[in-house]
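One chain comes next, on its own, written as structure tokens: the form predicted alone.
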């Protein structure tokens, strides 16, 4: 036991390799390995993670338990703009998905935070995968979205890209029905049923929110959604404070793939910050998500209000 304690100290405190420990204790490398394992099994070594990430790990587990999530990740606060930290964490999650050698289909929302995640992604060659956009990639007047994720992700991975070649909101029901008959749109919608996972943002519905500021909804349309009780949107589909889908004339003209509730495939949201807390909470309460990547302050607020 004395030898095990020494081996544990050398390994965990002094940072020695097992070869170095073997030399110092004058035992074989295999014996040094067994002594280190014995120190742990006999609880001679007690671990304490003295780092801000320790609190994030605890919050991660609390979120997972409280909202019955399959996946959660909480990042340390990163100043007034949490987008960079969320991007790093989301990139790590994406790299796990993309590591698959077997061909997979992945569906993506759009937005600034997801765009930040793609920028943090280590380039990888995965031509066998298919990346698709779950939401239209242009405004009603034909202007392209500057925050489209699918195209940029395909550039970094060599994956096959399937953008949604429509506006976010069709100008009329007749226009929507016509667009739905297009082969390219039908292909994207069919691929969505095969997706291994969806990675999305959570947007707030309020005056001058990104969905309005970026030109996807005009002032009258935002007002209509607010009057209907909308607090947030998931790939453009609005929901109320209970996480229930909103019914309105605008919703009838949405072109994107409507999320399922509860989700049939893993649906991971990457979202944080005080402006989005109400929308994130509503999405969680409505069972619209199976996973969440968020920041420490948002996680604390979500748990306090739960």
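Numbering follows the first chain given and starts at 1. We call the rigid core the largest set of C-alpha positions that still match within 1.5 Å between the two forms. Since the structure is predicted, the reported quantities are computational estimates derived from the model, not experimental observations.
The same protein also has a form predicted together with the DNA, omitted here; what follows describes it.
Chemist: In the model of the complex, do 11, 17 and 30 all put a heavy atom within 4.5 Å of the DNA?
Modeler: Affirmative, all three are within 4.5 Å.
Chemist: Report the stretch among 254-262, 56-64, 274-282, 31-39 that approaches the DNA in the model of the complex to within 4.5 Å, counting heavy atoms only.
Modeler: It is the stretch 31-39.
Chemist: Rigid core superposed, CA of residue 292 - does it shift 2 Å or more between this form and the one not shown?
Modeler: No; residue 292 is a residue whose C-alpha shifts by less than 2 Å between this form and the one not shown when the cores are overlaid.
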